[in-house]
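Listed next as structure tokens is one chain, alone, in the form predicted on its own.
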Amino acid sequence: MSTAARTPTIPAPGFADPTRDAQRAFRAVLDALAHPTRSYPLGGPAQPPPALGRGLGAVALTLLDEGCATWLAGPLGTDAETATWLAFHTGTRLVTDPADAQFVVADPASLPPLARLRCGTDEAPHHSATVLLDVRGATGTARFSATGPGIDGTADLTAPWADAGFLPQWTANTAAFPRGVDLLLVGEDTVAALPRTTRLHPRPEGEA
């Protein structure tokens, strides 16, 4: 066997400056959770797997580690480059059932029903899932009014990633507080958040 055949493929690099870049990304995620619906800029790795992208790559490098279980949905679940890159840079354990995952990485088409995900317990609500939702290229027309902690009055949320079944699921999710899942809405280079405390209400089309 040749030397080349025995040499494993080395994944593309992660953050250029792992400590500082992870700190910046973590601050963006914290700010997003503290101020639901607002977008914050992310600085991602230069060469993430294309299926993952810079934004999801940045959040994954920041939040995932060897102590957590992660489920990759849809095309990500069959993308060997993404699985190898995440294993190499984060050590996260990939699982085959979303109900077993602390982190779910999905796009709108592959997002499982929220009720299928870990929602924690009244005694340990932090034992719930966080969804990293890939909102790149979403083209829907859904709009909501958002209220809750971290929102001054009411916020207008444009949600092209939300299908017709999302609002009933989210309403049930917020009603289960302190249990429930949290969403991070990750674009190519931005992150916004919908923590379980954020209540959404339909906003009629054409309303300013």
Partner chain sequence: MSARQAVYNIGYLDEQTKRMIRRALLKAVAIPGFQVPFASREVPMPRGWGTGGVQVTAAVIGEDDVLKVIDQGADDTTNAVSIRSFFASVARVATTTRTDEATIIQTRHRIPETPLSEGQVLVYQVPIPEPLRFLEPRETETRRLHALEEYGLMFVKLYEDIARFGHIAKTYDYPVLVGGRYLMSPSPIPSFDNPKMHRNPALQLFGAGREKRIYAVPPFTSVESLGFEDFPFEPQRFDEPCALCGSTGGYLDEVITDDAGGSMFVCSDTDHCERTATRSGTESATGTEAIA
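Everything quoted here is computed from the prediction, not taken from an experiment. Residue numbers count along the first chain shown, from 1.
As for the form predicted in complex with its partner chain, it is not shown, yet the points below apply to it.
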Heavy atom distance at most 4.5 Å to its partner chain in the model of the complex, all of G74, P113 and R203 | no
Classify G150 as contacting or not contacting its partner chain in the model of the complex by the rule of any non-hydrogen atom within 4.5 angstroms, answering yes or no.
-> yes
Should C68 be classed as touching its partner chain in the model of the complex when contacts are defined as heavy atoms within 4.5 Å?
-> yes
Exercise: A155 in contact with its partner chain in the model of the complex, heavy atom 4.5 Å | no
Would H35 count as touching its partner chain in the model of the complex under a 4.5 Å heavy atom rule?
-> yes
Checked L64, A159, L42, L52 for heavy atoms within 4.5 Å of its partner chain in the model of the complex; positive is L64
Choose one stretch from 133-141, 105-113, 120-128, 75-83: the one whose residues place a heavy atom within 4.5 angstroms of its partner chain in the model of the complex.
-> 120-128
Taking its partner chain in the model of the complex and a 4.5 Å non-hydrogen atom cutoff, the residues of 14-28 making contact are P18, T19, R20, A22, Q23, F26, R27
